[in-house]
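Two forms of a single protein chain come next, each set out by itself as structure tokens; they are called structure 1 and structure 2.
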Structure 1
Amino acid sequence: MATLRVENLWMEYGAQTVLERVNLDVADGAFCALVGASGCGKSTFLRLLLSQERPTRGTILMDGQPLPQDPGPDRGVVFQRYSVFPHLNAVQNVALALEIARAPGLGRLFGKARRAALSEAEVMLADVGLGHACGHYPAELSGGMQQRLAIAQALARKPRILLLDEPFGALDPGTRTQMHGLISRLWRETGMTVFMVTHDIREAFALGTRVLVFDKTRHDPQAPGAYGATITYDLPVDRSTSKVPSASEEKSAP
């Protein structure tokens, strides 16, 4: 639903270079899986795509236009943490996305419209396996449940680009397979462009149409912060011939 083009992107925190010379062209409707060592800058890259931070150098173009300077509903996100609102219970968290979409002025629906939003939200929660926890507050949910809630919330707004930061890290294989199915289905249905950070290479190849590997090409042992990571491998996944077992097969592995 949107193309993305990254040109010679650099990101530095003070003296520490996190990303350098990142170049990328992503077609409409691609599913990019981002992998790389812990701490190499994957979350930072997502923050840049989100306009949460500004690159020190380089540009990002969305549909040929410079990226808007603010985050917006065109790009949805599931963060590693703090992704849900602690003062709203599960169903309210998801309904909030619908309420803002339908009443951008007030950010609040009333009466019938509100009840409709709440019951839609309940359906979406059931989709991510939280049907029984609608009334729970985030503090009452386990880590994996919070993550699933965040996914439901981000999907509710049907963004053109979806950014996922290790969304399935805290899920058991059963639930994870279910979530894989859900994400794949929604991706196919809506045609949105997805960026997903994951540490599970299997998952990256199972879901992605492209796997982007972040790594440092230069290294100075005396100054570990001197050089940043970049995209070292950009692997297209040809699903028909892929030899990697699909996510649903994994369940029966042991």
Structure 2
Amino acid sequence: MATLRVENLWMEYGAQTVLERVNLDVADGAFCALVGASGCGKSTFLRLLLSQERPTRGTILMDGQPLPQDPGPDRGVVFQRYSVFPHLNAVQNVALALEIARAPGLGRLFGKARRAALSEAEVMLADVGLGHACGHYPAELSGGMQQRLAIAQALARKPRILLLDEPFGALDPGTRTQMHGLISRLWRETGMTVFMVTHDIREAFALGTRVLVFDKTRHDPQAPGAYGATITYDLPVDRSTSKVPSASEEKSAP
């Protein structure tokens, strides 16, 4: 059974139609890269998958059941801007996700339980190449390191689906290439399903197993907001020919 099924999805804001007639089946472990012109609804689609917003019409099913109405631990998200807490160091940032999950009332663990969360956070930071920076605060980290921290934070609760909204757009080309190696490795090791919005076509084909092209198929010059975008192309990618950095190259990342 497909992990995720989207059936006749529409998203409207008043008279503005952003998405229309979106249909999609995504199997477990797919890496879907979403491309298309600015404003064609890619980030809106990600917010719908996260349950930050509800579709105007249509359904989103996970394992045959309606998608939960609120964001949950089954879905992690990483944005272009580093969504980390500046007043917490790296290990505290990652451990916070575990504390909120295990102590929803206080959002804070104590004693043995807190030490266990910090230990798990240290392992996750090591997995993303930040084992040496557990005590560093975000302001002390480079852009690439901050984005690694945001990824570790998103993966702390072992989500089944990872949502990436242009996560590497603000990085320099060298760091961006190294981050490609990191996210590709984590995707292979965890088996999670990934949806990544990007404006970089080369990035989409280098990382994705499917490239989903969003575009408008209907236009009305007199009412530019009347019609929304849909998935116009669903392109499979042979990952055996994709170029991603080796493990040694990834380890040299800042």
Partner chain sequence: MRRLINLRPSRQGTFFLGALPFAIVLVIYFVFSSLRLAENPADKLMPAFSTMGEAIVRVAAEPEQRSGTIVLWADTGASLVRLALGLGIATAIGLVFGILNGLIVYARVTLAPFVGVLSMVPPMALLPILFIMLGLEETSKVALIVIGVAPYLMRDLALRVEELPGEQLVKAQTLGASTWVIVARVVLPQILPRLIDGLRLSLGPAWLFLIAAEAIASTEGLGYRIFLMRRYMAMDVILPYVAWITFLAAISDWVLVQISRRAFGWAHLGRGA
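Quick caveat: nothing in here was measured; it's all calculated off a predicted structure. If you superpose the two forms and keep the largest set of C-alpha atoms that fall within 1.5 Å, you have the rigid core. Please note that residue numbering is based on structure 1, beginning with 1 at the start of its sequence.
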{"item": "Either 1 or 2, the form predicted in complex with the partner chain", "value": "1"}
{"item": "Residue 183 C-alpha shift between structures 1 and 2 of 2 Å or more, rigid core reference", "value": "no"}
{"item": "CA of residue 72, rigid core aligned, shift of 2 Å or more between structures 1 and 2", "value": "no"}
{"item": "Between structures 1 and 2, C-alpha offset at residue 98 (rigid core aligned, Å)", "value": "3.7"}
